[in-house]
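Taken one at a time, structure 1 and structure 2 that follow are two forms of one protein chain, written as structure tokens.
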Structure 1
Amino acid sequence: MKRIVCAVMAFVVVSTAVYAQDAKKILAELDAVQDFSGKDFSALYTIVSQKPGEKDSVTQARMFRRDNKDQFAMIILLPEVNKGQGYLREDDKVWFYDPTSRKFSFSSIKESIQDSEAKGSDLTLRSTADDYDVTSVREGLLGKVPVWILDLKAKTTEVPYERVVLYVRKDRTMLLKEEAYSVSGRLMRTTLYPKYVELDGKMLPSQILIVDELNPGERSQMTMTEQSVETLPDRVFTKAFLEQVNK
């Protein structure tokens, strides 16, 4: 009996170690897929938000990234009333530009985009491996698709959520679902990634469905189009660019 118990314990220890190595590899691959260091990345995002009793709202934004310098800029195209508003990450600061007042104010990547369920952090380069520790990893199914289920805990307060659970395809490293939790353990939002598109040899989510778990019926669908890795002018990542766009 002792031999059986020891054998089972040894198997559990080995399996846990293997899973831990798998988890680190998965996070590294997820980070690599979204990292376009050495190139510029731009895309057009259309966000359709639904709230009970309200007409669907549509937000459209053009996003620009230069990952090797951690630069980010975004210009709002729709709705018309907010056209020309923009965001710029400069060093460690995030600025919001209002073309009406022609002034810049401090903002945050954690903030929602035009009152939708999407946040600025959904569009920026993220390093999951740097921001989170893996607390557990297990195998499972999402529908009929075999997945790795990774439970992560935040290392820093700079991330939007204290805990996230990722559902990643086993046959190819693609994020299919993400659950985000508060410090108290309450489920805040669920994000689904049903469609992907290939760009520069990488598979990127072209459709993202974000469900607000605190307010039943509230959700946003974000669609990415016109994705590109063509080189952008340096001026795109300046305050002057946001000001000139509105002239």
Structure 2
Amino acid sequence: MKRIVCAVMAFVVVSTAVYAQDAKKILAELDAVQDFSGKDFSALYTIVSQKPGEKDSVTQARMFRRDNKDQFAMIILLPEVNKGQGYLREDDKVWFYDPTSRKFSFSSIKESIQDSEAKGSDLTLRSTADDYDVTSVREGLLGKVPVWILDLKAKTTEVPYERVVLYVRKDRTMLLKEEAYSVSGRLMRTTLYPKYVELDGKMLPSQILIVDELNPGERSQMTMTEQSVETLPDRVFTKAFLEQVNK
């Protein structure tokens, strides 16, 4: 009897270890999707935010990234009233450009992107493997798609959510759903990634739905098109560029 218990326990330990090993690999792969080191990346982002009783708010922006140098530039295209507003990040410095007054100011990377559900961190590089520990791995189904369900716990207080549950497609490492929980265990935000495109050998989400679980009816849809890894001219990552596009 004792032997059986030991065997079962050994099996549980071993299998959890295998899962944990896999989970680490999955996280690393997911992180790699976001990483365009050595290449430039650009895309057109459209964010539509819905709040009950309010008109949908729309932000469209073209984003440029050069991860090697920690450079990031963004030009707002919609709404028309904000057209030409630009953000430029170099290392820790973030500039905001207002074309209506032709002025620059510092602004924080943590600020919400134009009042939408999407946070600044959605548009910048971050490493899930560095920020979180895997506490459990399960197999499951999301809709009809077989997935790994990874339960993650925050290692640092730098991250916005204490616990994150990831639903990762099994046959190809693609994040399909993400649930974010607060310290008190409350579901704060659900993010879905229903559509992907293949670019430079990587799977990139092209549609994201962010559901605010605290405020029913508040949702944001992000749509990414025109993704490209073509080399961008250096001048894109300068303050002068933000001014030039407005000329």
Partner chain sequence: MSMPVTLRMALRNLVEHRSKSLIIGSLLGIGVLILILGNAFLDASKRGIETSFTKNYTADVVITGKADGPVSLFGVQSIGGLEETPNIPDYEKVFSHASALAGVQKTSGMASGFGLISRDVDGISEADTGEDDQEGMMNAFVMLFGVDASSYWQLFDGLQLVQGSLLQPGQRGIVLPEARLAGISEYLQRTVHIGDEILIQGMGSTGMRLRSVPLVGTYTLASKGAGPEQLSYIDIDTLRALNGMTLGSSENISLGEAETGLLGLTDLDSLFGDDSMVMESSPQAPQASLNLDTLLGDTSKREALNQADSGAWHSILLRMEHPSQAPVAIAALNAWFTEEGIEAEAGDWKKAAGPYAQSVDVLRVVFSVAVFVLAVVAVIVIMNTMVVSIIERTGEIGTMRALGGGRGFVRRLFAAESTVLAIVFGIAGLALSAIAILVVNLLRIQAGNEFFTILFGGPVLHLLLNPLSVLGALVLVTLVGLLASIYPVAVALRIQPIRAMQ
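Because the structure is a prediction, the values reported are computed rather than measured. Throughout, residue numbering runs from 1 along the sequence of structure 1. Throughout, rigid core stands for the largest set of C-alpha atoms superposing within 1.5 Å between the two forms.
Between the two chain copies, the one drawn from the form predicted in complex with the partner chain is structure 2. With the core held fixed, residue 78 shows a CA shift of 2 Å or greater between structure 1 and structure 2.
Once you line up the core between structure 1 and structure 2, the Cα of residue 171 stays within less than 2 Å of where it was. Core-superposed comparison between structure 1 and structure 2: CA of residue 39 displaced by less than 2 Å. Superposed on the rigid core, the forms differ at residue 88: its CA is offset by 4.1 Å between structure 1 and structure 2.
Core-based superposition between structure 1 and structure 2 puts the Cα shift at residue 236 at 3.9 Å.
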